[in-house]
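In the form predicted on its own, a lone chain appears below as structure tokens.
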Amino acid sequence: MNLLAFARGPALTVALAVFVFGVAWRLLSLLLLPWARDLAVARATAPPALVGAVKGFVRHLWPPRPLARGALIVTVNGYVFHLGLAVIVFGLAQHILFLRGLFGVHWPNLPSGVISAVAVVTLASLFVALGRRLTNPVLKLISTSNDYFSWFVTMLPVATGLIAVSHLWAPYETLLAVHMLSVSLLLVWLPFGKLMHAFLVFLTRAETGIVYSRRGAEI
């Protein structure tokens, strides 16, 4: 078995299994915890819980007005690499074929040149985020190995994908194998590191919105 066969076979299968069961375990372990009952009487004008949850999520898509100007660059950069990653994952033809094999659904792909340009911007944006973490005194103080490794496993598939499509430094089969192994590493790490916020953000922001709206707070 060569490296590409290993990456496309056992490595990816194990990574997907760890990802699925890891995410399910994290979510279930959180949702099955005892829920504290809110003994405060809801405001008469409080909206339904679903409305409060949606409002809480939407409201936190952007910083509060007093903080918006100071956090503008950080916020915009965050959107750049998050949206960039989404475009790469769901817009590249090869990725769509892979997802079609898993779920049986597909959609039109974007031109490869567009994906490459988005990947370059996304990679640059990720390095901007790392630079800020290394230079901002507060962020540097509170950052842990979890933060840096999560950044690394996010950056690696983007970088190896760009190298693979550019056919640089090694045969394409080897580059593709390295890229797929980097994706497997990301899948394995995601449920257990801070990248789990990709799923938890919906629960935490919804809960905040429900609590605030129940108590009549403006968010």
Partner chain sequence: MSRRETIGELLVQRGISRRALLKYSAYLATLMALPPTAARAIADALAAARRQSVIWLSFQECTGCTESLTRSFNPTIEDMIFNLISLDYHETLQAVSGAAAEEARLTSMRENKGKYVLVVDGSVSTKDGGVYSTNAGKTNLQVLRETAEHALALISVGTCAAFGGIPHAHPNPTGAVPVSEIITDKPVINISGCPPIPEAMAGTIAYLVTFGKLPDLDHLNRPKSFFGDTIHDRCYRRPFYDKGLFAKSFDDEGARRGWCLYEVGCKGPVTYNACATLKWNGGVSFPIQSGHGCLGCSEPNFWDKGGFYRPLSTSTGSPAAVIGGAAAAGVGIGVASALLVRRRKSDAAKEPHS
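Residue numbers count along the first chain shown, from 1. These figures come from a predicted structure and were not determined experimentally.
One more form of this protein exists, namely the form predicted together with the partner chain; it is left out here, but the text below deals with it.
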- Task: Please determine, with the chain shown alone, which of 87 to 95, 139 to 147, 123 to 131, 73 to 81 has non-hydrogen atoms within 4.5 Å of the partner chain in the predicted complex.
- Result: 87 to 95
- Query: Hey, in the predicted complex, is Pro34 touching the partner chain, heavy atoms inside 4.5 Å?
  - Reply: yes
- Message: So in the predicted complex, is the partner chain close enough to Thr13 to count as touching (4.5 Å, heavy atoms)?
- Response: yes
- Message: My question is simply whether Pro171 lines the interface with the partner chain in the predicted complex - judged by any non-hydrogen atom within 4.5 Å.
- Response: yes
- Is Gly104 one of the residues lying within 4.5 Å of the partner chain in the predicted complex, judged by heavy atom distances? no
- Message: Can you list, in sequence order, the residues from 179 to 196 that come within 4.5 Å of the partner chain in the predicted complex, counting heavy atoms only?
- Response: Met180
